[in-house]
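To begin, one chain is listed below as structure tokens, in the form predicted on its own.
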């Protein structure tokens, strides 16, 4: 497993927490919600790519398709 991916996801989480705090203090909670939702979607896309690679490797190991 790539440790770099874990650090990227942690970095996204930290940036989202800072952005959420700043937007909440300025009174823009609705924008903070959308920023958080977008960040979670980006992290899930990164994990989805990794899962796609995993399934490809499993298919090649067991000679499926």
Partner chain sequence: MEIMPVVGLAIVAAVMGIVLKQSKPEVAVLLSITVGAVIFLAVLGKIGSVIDILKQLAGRAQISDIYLATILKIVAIAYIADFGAQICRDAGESAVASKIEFAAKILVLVLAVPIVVAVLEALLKLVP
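Computed from a prediction, not measured in an experiment: that's the story for all the values here. Positions refer to the first chain, counted from 1.
This protein has a second form, the form predicted together with the partner chain, left out of what is shown; the following refers to that one.
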Tell me, yes or no, whether residue 57 is in contact with the partner chain in the predicted bound form, where a contact means a heavy atom of each within 4.5 Å. yes
Wondering, does residue 23 line up within 4.5 Å of the partner chain in the predicted bound form on heavy atoms? no
Touches the partner chain in the predicted bound form: residue 38 (any heavy atom, 4.5 Å): no
Residues in 24 to 50 that come within 4.5 Å of the partner chain in the predicted bound form by at least one heavy atom, in order, are 36, 40, 43, 44, 47, 50
